[in-house]
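Shown here is one chain on its own, the form predicted alone, set out as structure tokens.
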């Protein structure tokens, strides 16, 4: 199996990661008008379109920074598909009706569709994690937040004013509770099917 070739539009992903204002402006100039037009033609307005665009850019940024996103298709197609899916999901959420996307027949050759699907699933997993994280008690949230920011458990324990042994044990219990909350969520099964 041959490795997929990196697309020249990877520069947009790299620019987002580096917070390059020139690249971000280029994204807004080249790709955003098409999304705004699509959303306005499909029960939305400019403000809703901007919300979808921001959410999509954040999702792409997070996927790129955490999973080293490698773009193998044009950014335009990838970005538009992601925005379109987010908008259709928003319509579905607000109307409590099924929204079908006619073009959703996923061809293995359609790399933009594949990448968009992977990024959308990644974004939904992040949302689920955040929702379940918020259900944890304050002590667990503080401990886990500290471990995300500080690499050394000794420093985490010191910053929270607890012993190293307590911090390690509590971290294990908190991660267990978070895992349990995530796995018991109905969204978890939807994302894994």
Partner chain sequence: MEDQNYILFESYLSKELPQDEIIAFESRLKNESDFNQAFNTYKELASFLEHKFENEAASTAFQNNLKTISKTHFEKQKPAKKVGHFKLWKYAVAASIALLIGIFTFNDSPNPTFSDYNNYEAISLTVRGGQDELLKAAEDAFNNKNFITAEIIFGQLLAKDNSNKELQLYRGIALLEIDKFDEADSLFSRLSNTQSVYKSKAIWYSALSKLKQKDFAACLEILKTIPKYAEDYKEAQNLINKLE
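Source: prediction; values computed, not measured. Numbering follows the first chain given and starts at 1.
Not on display, but discussed next: the form predicted in complex with its partner chain.
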Heavy atom distance at most 4.5 Å to its partner chain in the predicted complex, all of 83, 94 and 185: no
Even though its partner chain is not shown here, does residue 160 get within 4.5 Å of it in the predicted complex, heavy atoms only? no
Might residue 137 be said to contact its partner chain in the predicted complex, defining contact as any heavy atom within 4.5 Å? no
Is residue 42 close enough to its partner chain in the predicted complex to count, meaning some heavy atom within 4.5 Å? no
Under a 4.5 Å heavy atom criterion, is residue 171 part of the interface with its partner chain in the predicted complex? yes
Neighbours of its partner chain in the predicted complex among 125 to 153 [non-hydrogen atom within 4.5 angstroms]: 125, 126, 129, 130, 133, 144, 145, 148, 149, 151
